[in-house]
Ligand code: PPS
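To begin, one chain is listed below as structure tokens, in the form predicted alone.
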């Protein structure tokens, strides 16, 4: 049987063994998996990450980080590790079995812990992602969200994670291989995407399939992508809307529950290996494939063709061929898409293109999206999910020292927004939240972080449902503010307002007498006195409050909201 169509090994046990294991696993120590770990575990168990038999051992991890290979020499560019807290790791012994459960407590697999170590995360960031820069979403995850300790060991699969959405569109590698066998597809070119499909993508996929004389598998990622991406529900509805523009006999679509790392060149090789496991023979690699955008200096993390170069260097060993992604543009005079580098008469024709940023702007502001750029069905779907900004929910997040005037300005802003009407407004003031949401929390760093994350969670729900959330906590730590921003920006705008009153002025005001107590040592870890405050680097607005009326400060925020298109004159 042709290599790409023969079944590949999975890590699942038989149904009867799984039932028995479930009972036995009730007595095991349990680890509740994060969303990213659930994605990784699913692809480990169903063979998507073949040849891996579990989470990487320390030896394999080091080898992957340094050389893109497992310790046995097999090509594998991405560390797949089970990160846990120090506290959890301390209670484990080497050789012990643990139960891996989803977020509802359903047992998905067991794992034998063969390795436990504290990785050098800065080195992992440098080698795998090209820079130890928190601007990279995966590096930010590594330092600020992932557990401190890694566990490695083989996994025994009991059951697949449950998905209630688009069930008919989700296929394991063996299901896809079996489908290709049934259809008689010998050559299959895979198209990886985390964005909605527009006309340029259609042209590009047609050309790729023609070039490789292959059938086409549209294989979008629906696990975790880059913060700020269009949610997968909307994207899949967009894909389904344009599927009938493709010839049904030679095109198929399947959803891949992968947690992307946005690791550019390494990610492209990883995607290639995953697609090979799914039975594909060719893979489309784009310009800046899986690139996360700009680094701290405002430059791209990776060169536009780094991913294609690395893939090309390894494609023979991988056993999957690259079809390189051409940059497609619309040539107005000929009313068709053409590859930019193949247009001979560039100076004599009108070349049109709309970037992702420009598309988002047009959607936000309710502007026209031309028919040559996208399909009416896709635009309709995107507009349904992303109404113009002036109709979306958003969060205004005030941060500053205690006594800086945050609550007073937040109150004034709330009243002004309520006067305007149109959307419900909720004030999540630091003191109010402490009383109603976080009464059991103290003031340690951990508890403060938890308090801010709770505020962020409530604000994200308000934003998602089209309301306005106004938050006014001290929020001294930049990493926590960033995490809250990411939670909220998935649903609407996040407007950070730094109330930049100096510590001297706050202490002079000292309405609650807290600074006096902090100076006397009666309040420990007090922001600005005995605990640091990370001044926001790029807030949407910075307010000076000394000798300025509250009304004027609130009005400055309103003007900012208006300039961002969040409130509009009816």
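Numbering follows the first chain given and starts at 1. Quick caveat, the model's predicted, so the values are computed rather than measured.
Another form exists, predicted in complex with this ligand; not displayed. Remarks below refer to it.
Picking from 400-408, 218-226, 264-272, 171-179 the stretch near this ligand in the model of the complex, with a 4.5 Å limit on heavy atoms, gives 400-408.
Proximity to this ligand in the model of the complex, defined as a heavy atom within 4.5 Å, holds among 139, 188, 396, 452 only for 452. Between the options 165, 104, 90, 431, the residue in contact with this ligand in the model of the complex by a heavy atom within 4.5 angstroms is 431. Contact check for residue 443: a non-hydrogen atom falls within 4.5 Å of this ligand in the model of the complex. Contact between residue 476 and this ligand in the model of the complex is found at the 4.5 Å heavy atom cutoff. Contact annotation: residue 32 falls outside 4.5 Å of this ligand in the model of the complex, judged by heavy atom distances.
This ligand is not drawn, but in the model of the complex it has a heavy atom within 4.5 Å of residue 524. For the stretch 484-514, the set of residues having any non-hydrogen atom within 4.5 angstroms of this ligand in the model of the complex comprises 512, 514, in sequence order.
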